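Let's start with one chain on its own, the form predicted on its own, as structure tokens.
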Amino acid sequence: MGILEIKQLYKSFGCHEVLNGLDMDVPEHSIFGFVGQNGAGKTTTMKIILGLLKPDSGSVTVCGEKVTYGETKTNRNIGFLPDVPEFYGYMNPMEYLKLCGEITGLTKYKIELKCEELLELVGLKYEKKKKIGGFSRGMKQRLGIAQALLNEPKLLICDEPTSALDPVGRKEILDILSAAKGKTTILFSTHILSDVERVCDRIAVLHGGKIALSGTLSEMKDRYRHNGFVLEFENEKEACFFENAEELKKPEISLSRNKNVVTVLMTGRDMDGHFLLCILSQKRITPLKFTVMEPTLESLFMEVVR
């Protein structure tokens, strides 16, 4: 059973339908990439999971317990990192985490232990006595992760945690999330596809109010692998000779050429690399390179969104 299960979730604001039968299952100890364009409904989904927004219909369960709007008992299993975490600037990280620990009802001993451990995890061990007001955005984001992990949640929800950061800050956050994977399950909402490819082991693409694509990256690539090949020839003359082969003039084959490189996409069932190798053999042409095209997360995403 998944840590988070969403069944047939619907939500509209006036006549604008945001979620339209959303189904999602997040397995334990995964970093689950929740991907969609801005405005696709990712934040709406998270607010419903946290019990802050009432769905029109459907159900959400966290650790087997049903989420009820306006009730927070399921949130004891959840840590939440908003896209812009807010802090008291006059406090230092240690004071702030102690305050959060007291609010969540942790014992003094447990708070001390957890604060030290988490500040080490997020790389703020040497800044624990500095005022948060002077922190960079990346440092605040890291402190936000420490705060979200304080009550040892079974599910950590991150809403666009890297979108406002520079490449260094983004790498730091992604490394921390990878390190936290053993301790918790992470739902990582973002529209930055390269971040997803770096850290997520499962992915769901939200489009049109429901999940348009989901699975591990390799499963999705296998499912959407077209018969695409890239052939690089010694010169343009050879590339043209190959491109103009009679055998390739079929409706299920599309060709494009850029100088001495020919890209072939085939949708015919019996068409594969052997078919092209036969043509090369007949024409007595040896390409410099013959590669199978791999779908990328970006090409899959564009296909779905289109």
Partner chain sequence: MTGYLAFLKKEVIEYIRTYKLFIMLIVFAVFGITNPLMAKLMPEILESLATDGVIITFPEPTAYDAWTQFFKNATQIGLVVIVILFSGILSSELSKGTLINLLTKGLSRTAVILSKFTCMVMAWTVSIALCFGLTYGYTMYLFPEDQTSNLLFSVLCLWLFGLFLLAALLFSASLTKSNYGCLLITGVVVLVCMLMNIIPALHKYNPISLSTDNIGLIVNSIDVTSLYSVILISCLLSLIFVSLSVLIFRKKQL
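Residue numbers count along the first chain shown, from 1. Note that the structure is predicted; figures quoted are calculated from it, not measured.
Quick note: we don't show the form predicted in complex with its partner chain, though the next part is all about it.
Heavy atoms within 4.5 Å of its partner chain in the predicted bound form map, among the stretches 170-178, 147-155, 232-240, 198-206, onto 147-155 alone. Shown alone here, residue 64 lies farther than 4.5 Å from its partner chain in the predicted bound form, counting heavy atoms only.
In the predicted bound form, its partner chain sits beyond 4.5 Å of every heavy atom of residue 116. Taking the partner from elsewhere, residue 72 is found to have a heavy atom lying within 4.5 Å of its partner chain in the predicted bound form. Proximity of residue 164 to its partner chain in the predicted bound form: non-hydrogen atoms within 4.5 Å are absent; the residue sits far from the partner.
A heavy atom within 4.5 Å of its partner chain in the predicted bound form is found for exactly one of 139, 99, 217, 192: 99. Shown here without its partner chain, the chain has 47, 50, 51, 52, 53, 54 in 24-59 lying with a heavy atom within 4.5 Å of that partner in the predicted bound form.
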